[in-house]
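Given as structure tokens, the chain that follows is alone and in the form predicted on its own.
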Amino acid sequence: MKMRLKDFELEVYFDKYEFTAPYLLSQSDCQSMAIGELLALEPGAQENLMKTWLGYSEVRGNPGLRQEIAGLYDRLTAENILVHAGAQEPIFNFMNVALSPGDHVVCMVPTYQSLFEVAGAIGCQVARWELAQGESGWLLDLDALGKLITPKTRAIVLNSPNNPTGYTLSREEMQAVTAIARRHGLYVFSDEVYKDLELDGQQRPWFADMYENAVSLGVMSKAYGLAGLRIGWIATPNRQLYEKMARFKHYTTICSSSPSEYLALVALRNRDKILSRNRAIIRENLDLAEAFFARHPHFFLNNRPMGGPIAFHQLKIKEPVADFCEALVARKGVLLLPSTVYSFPGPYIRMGYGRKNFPACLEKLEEYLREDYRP
């Protein structure tokens, strides 16, 4: 069966506007930095980068990097870590080694398109476990998850903190998902690229620390703001699945960039500084947004995120949300992401809180509402 992937709607939309719109108000990553800024965090880092060998690196990832990543987990070692190029590669590779045509997958939605699209292209049936709009934020029904499981279900696919809503599973919800998966012998593939950006003060484990058949996805792009490194990873205690993914990687990237792996290692050794900075940026921007939404209660429903640098706010408009976003970027250069790119019903927009220029972007949005918008 030939795999037929649909257009990645979010990436198509960004391809049109991301590098031309001056006010990016929908970005899902945190504030980035120059290579020099990153190297300045650690004495000797610049000299060591200059010594980095530019030959092939190890398929499973630089041993030192894998060891540093393993330190993020409570129960795993470097032998449980498989380094990849970004997050897309491990998503693609997991789906291809764990799933077969005719399998059934339950996926939390709305979410990043590849988390369900690849499974569908393989020939799987995908059931949507939908977040629902509550009075003051997003809600997730665990009873609904149990009802979606069938005899053909092979995996539960999660994203927490969630893109685009910022909804974050509690420890108790994670335990409940684990119990369901264990009862039915399912994989849990958990996209946790925003781990350590939880905003509610609760401590949560990685799924790979909780369940023997879980796969936790991490990446340098989102919480760390280092998307240009193109370094991601999976962590899993399931050795058989790990080996299958390592061998499948021979057909995708084979190995990662050695300089990128070294820079990722420097970043992870200094993760407390980077993550503390990024959490502070998010909180400052959320405070600004609270005042903004208070000034426009008849236009927005403020869905404050529980974690991560993005939120999915409802617009109280009659026109199509895509039309609103197109007019906004055309007239003011402000880029918001409409819910249509998530194939999610309702007038929602994704707003990003992880960058330092958020105040200027928000000011431009308010200027549009005040001077240009005609409902």
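Each residue number is its position in the shown sequence, starting from 1. Computed from a prediction, not measured in an experiment: that's the story for all the values here.
Note that the form predicted in complex with a small molecule isn't included here; everything after this is about it.
Contact check for residue 159: a heavy atom falls within 4.5 Å of the small molecule in the predicted complex.
Among residues of the shown chain, residue 105 is not one whose heavy atoms approach the small molecule to within 4.5 Å in the predicted complex.
Of the heavy atoms in residue 193, some are within 4.5 Å of the small molecule in the predicted complex. Shown alone here, residue 91 lies within 4.5 Å of the small molecule in the predicted complex, counting heavy atoms only. This chain is displayed alone, yet in the predicted complex one of 155, 263, 87, 197 has a heavy atom within 4.5 Å of the small molecule; that residue is 87. Only one of 278, 221, 285, 168 comes within 4.5 Å of the small molecule in the predicted complex through a heavy atom, and that residue is 221. Picking from 145-153, 71-79, 199-207, 185-193 the stretch near the small molecule in the predicted complex, with a 4.5 Å limit on heavy atoms, gives 185-193.
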